[in-house]
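Presented below, as structure tokens, is a lone chain in the form predicted alone.
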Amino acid sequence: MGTYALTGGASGIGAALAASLKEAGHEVITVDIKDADIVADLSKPEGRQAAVAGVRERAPQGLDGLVPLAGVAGGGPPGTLITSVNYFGTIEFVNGLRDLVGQKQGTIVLLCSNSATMQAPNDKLLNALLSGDEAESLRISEAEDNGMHYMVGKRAINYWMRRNCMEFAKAGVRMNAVAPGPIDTAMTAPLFEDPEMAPVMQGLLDATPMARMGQPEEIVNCINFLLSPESSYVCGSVLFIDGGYDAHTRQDHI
């Protein structure tokens, strides 16, 4: 059995993944702002450091898998919170533990989004994120529309993963990402009640061939595949799990 660490384990996709891994007999270390093995605020550098230190203490022998899922949705929280949690909370957690994953020649699965490709990126914010300049990223975020932060941050995670998969693979670590569409969780439910975001969310569903939201377990099944030996030649890929939305709206893109 393996040892896995994941963030966002208190609810939604993270809770469903933790339950699935535990049911399969694996040891699971969860990180979240509450109700987790390691309670840490990933919006702050000191919280990320505490999360990394906590995982290291619990898994000195190494990690078979690492899945940073913690995040906040666009349309509600301030853009600076979205940027600091979704992007920097992911990248710093991965960089801080990559050697533990390497010890076991393990696997990393990042959480992207099908929204990452929905419009042209905000180059200033995207470049600041990819350069690792959190102060500049937050400065730009303060003046931008909240929905933009989410999409640009997820695009940056995609780019970061593809830019770094070669280096990670040379260390024996496979790294991939999943890109869900709207998933039926406590995080997305308020978006359908928000006067500004509700039409946007409904528009996404209307443009989805399967005409429904996904369930956390459907994302977990795909993450489990990417974590497993069955995906041993999959590296640097983004798996869209969105009911066909990306294929329908970007028919001539690969």
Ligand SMILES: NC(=O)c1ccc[n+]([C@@H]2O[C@H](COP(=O)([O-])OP(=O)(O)OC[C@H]3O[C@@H](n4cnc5c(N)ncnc54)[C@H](O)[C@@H]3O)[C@@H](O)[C@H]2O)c1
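Bear in mind that the values here come from a model prediction, so they are computed numbers and not experimental data. For every residue, the number given is its place in the sequence shown, counted from 1.
Note that the form predicted together with this ligand isn't included here; everything after this is about it.
Residue contact with this ligand in the predicted bound form: residue 88 places no heavy atom within 4.5 Å of it.
Within this chain, residue 12 lines the site of this ligand in the predicted bound form, having a heavy atom no more than 4.5 Å away. Residue contact with this ligand in the predicted bound form: residue 149 places no heavy atom within 4.5 Å of it. In the predicted bound form, this ligand stays beyond 4.5 Å of every heavy atom belonging to residue 211.
With this ligand omitted here, the record of contacts in the predicted bound form names 187-195 of 22-30, 187-195, 54-62, 224-232, defined by a heavy atom within 4.5 Å. No member of the trio 66, 126 and 161 reaches this ligand in the predicted bound form with any non-hydrogen atom inside 4.5 Å. The listed set 140, 97, 183, 173 contains one residue whose heavy atoms approach this ligand in the predicted bound form to within 4.5 Å, identified as 183. Taking this ligand as positioned in the predicted bound form, none of the residues of 206-230 brings a heavy atom within 4.5 Å of it.
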